[in-house]
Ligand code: TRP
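Before any questions on binding or motion, here is one chain by itself as C-alpha cells, the form predicted on its own.
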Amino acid sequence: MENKIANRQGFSSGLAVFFATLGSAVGLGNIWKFPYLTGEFGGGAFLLIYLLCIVFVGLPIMLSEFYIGRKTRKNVVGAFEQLKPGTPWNSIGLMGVVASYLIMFFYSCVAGWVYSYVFKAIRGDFSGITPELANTQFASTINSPVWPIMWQVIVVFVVSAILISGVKNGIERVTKTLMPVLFILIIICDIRALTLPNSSKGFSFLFHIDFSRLTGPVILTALGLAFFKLSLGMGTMITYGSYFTKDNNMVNTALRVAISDTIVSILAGLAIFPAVFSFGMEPGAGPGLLFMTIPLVFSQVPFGNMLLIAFFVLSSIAATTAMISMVEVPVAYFSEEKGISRTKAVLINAVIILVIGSLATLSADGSSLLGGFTMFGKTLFDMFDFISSNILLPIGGLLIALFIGYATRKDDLKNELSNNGILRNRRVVDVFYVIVKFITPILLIIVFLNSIGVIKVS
C-alpha cells in the first residue's frame, strides 16, 4: 500500500495545486451561468447572497473533499473504502463517478458550442450581425446533426490528450499555462467593456444592492450556484486533493481558490454587463447571453471581433480545464481500482463520453434530431443535467458534510488540516467543523428539496 502511494503521481508544488484546483473550479459556470443568473436575479443583491453561500456551503464542502483526498491518496471510490471499509459511506464515491459522467455528457456538448464559436469569430461570421442572425447562428450550431458532434469530438480529443500525459505533464502543465492566460484575456475584455459609453450602468447593475430583490428564489439559486460552480459533490476535489503535496496548506488553498473563482465570475460580469447596457441589450437574457447577446454587443465596438475572439478563447479555456478535472474522476477510478493503464482508462472514458454524450448533443433543443424524444417531460440533454445537478450533486455534497461532521474523528481532521500541528490554524478548523456539521447540511437539504420541487420558496 505504501509503495503504491509513494509511486502515485501528484502535483509538484503549491502553485501547481492552486492552478489545477482553480482550473477545476473555473468553468463555463463562471463565464456563462454566473453572468446570466446575475442578470436574471437583479445584480448586486444576487452577488451578495452568492458570496455568503460560498462561505457556508462552498468552502466547507471543498475543504472536506481536500481532506478526504489527501488523507487517503486515493481516487473518489477508493478513498471512502479506505476510510470506512465495507460501509454504506462507499456509495458516495460511486455517486461521484456517476455524477461526473452525467455532467460530462452534456457539458462536453456545451464546450463544443464554445469551441465552434471561437472558429466562427476567427472566420468573421459575426461581422454586421443582427439579432435575427444571432438567433439563426445559435440554432444552426446546436441543431445540425453533424457539426455539434464533430466539435464535441474535438473537445474530448483535446481533454484526452492532456490526461494521457499524466498529472504533472498533463493536468499541471496545462492549468499552470492556461489559468494566467484566462486572467489576462478576461482583463482585456473588461478594460474595453468599461471604456464604452454608459458602461457605468452595467457596473452599477452588478454591484448595486437592492434588498427588495432578496426573495426566496434568489437566495436558493445563489446557494445552488455557489455549490455547483466550484465543482463540488462529484469527486473532482477529492481526486485533485489526492494529488496535493504533503505540506500544502489546504485551508489557504480552499480560500484562495474560492476567492479567485469568485473574482473570475465578477470579471466576467464586468466584461458583459457594461457592454450590454452600453448597447441597450437585456441583462436578463438567460442562457443565450453568451451565445447570442455577446456576439451582438462586441460586434458593434471598435476592434470588436478581436475582443470577441478573446472572449470565446477564454470561455474555451474555462470549459477545457473544468472538463479535465471531471474526466480525471473516472480515469483515476479505472486506473487504480480496475488496474487499467492510464492511457487505456482515458480512451475508454473518451468513448463512453462520446457515445452517450452524442445523445445529449442531438437532443439539446426541441428542433434537434432527438429533441422530440423525452423522458418525464425532459430531453436527454436536460435529463442528464437535472439528475446530476439537482439530485446527485446536492446529495453527494450533503453526504460528504455528514461524513466529515459525524463519521470522522475531529482529531484526525485537525491533524490533517494542520499538517500534523505545523500550521497554527486550530481556531479556523474549529469554525469549519461547526459549519460543516450543523449549518452546511441544513442548507444543502433545503437546496435539494427545492430543486426536486418538494418545497417552494416564494
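Note that residue numbering begins at 1 and tracks the sequence as displayed. On a predicted model such as this, the values are computed, not experimentally measured, just so you know. Here the rigid core means the biggest group of C-alpha atoms that line up within 1.5 Å when the two forms are laid on top of each other.
We do not show the form predicted in complex with this ligand, though everything after this point is about it.
K.L.:
Thinking of this ligand in the predicted bound form, which stretch from 168 to 176, 133 to 141, 248 to 256, 103 to 111 has heavy atoms inside 4.5 Å of it?
P.N.:
That would be 103 to 111.
K.L.:
Which residue, F277, W151, Y333, F227, has a heavy atom that falls within 4.5 Å of this ligand in the predicted bound form?
P.N.:
Filtering the options by heavy-atom distance leaves F227.
K.L.:
Have a look at S363, S325, S116, N349 for me and say which one sits with a heavy atom within 4.5 Å of this ligand in the predicted bound form.
P.N.:
By the 4.5 Å heavy-atom cutoff, the listed residue in contact is S325.
K.L.:
Using 4.5 Å between non-hydrogen atoms, is I400 touching this ligand in the predicted bound form?
P.N.:
Although this ligand is absent here, I400 would stay clear of it in the predicted bound form, with no heavy atoms inside 4.5 Å.
K.L.:
Using a 4.5 angstroms cut-off on non-hydrogen atoms, would P394 count as touching this ligand in the predicted bound form?
P.N.:
It does not: once this ligand is placed as it appears in the predicted bound form, P394 has no heavy atom within 4.5 Å of it.
K.L.:
Does L47 reach this ligand in the predicted bound form, with heavy atoms at most 4.5 Å apart?
P.N.:
Residue-level check for L47: no, no contact with this ligand.
K.L.:
Heavy atom to heavy atom, is N30 within 4.5 Å of this ligand in the predicted bound form?
P.N.:
Within the cut-off, so yes.
K.L.:
I want to check L223: does it shift between this form and the one not shown by 2 Å or more at the Cα, with the core superposed?
P.N.:
Yes, shifts by 2 Å or more.
K.L.:
Determine, after fitting the two forms on their core, whether F432 shows a C-alpha shift of 2 Å or more between this form and the one not shown.
P.N.:
No.
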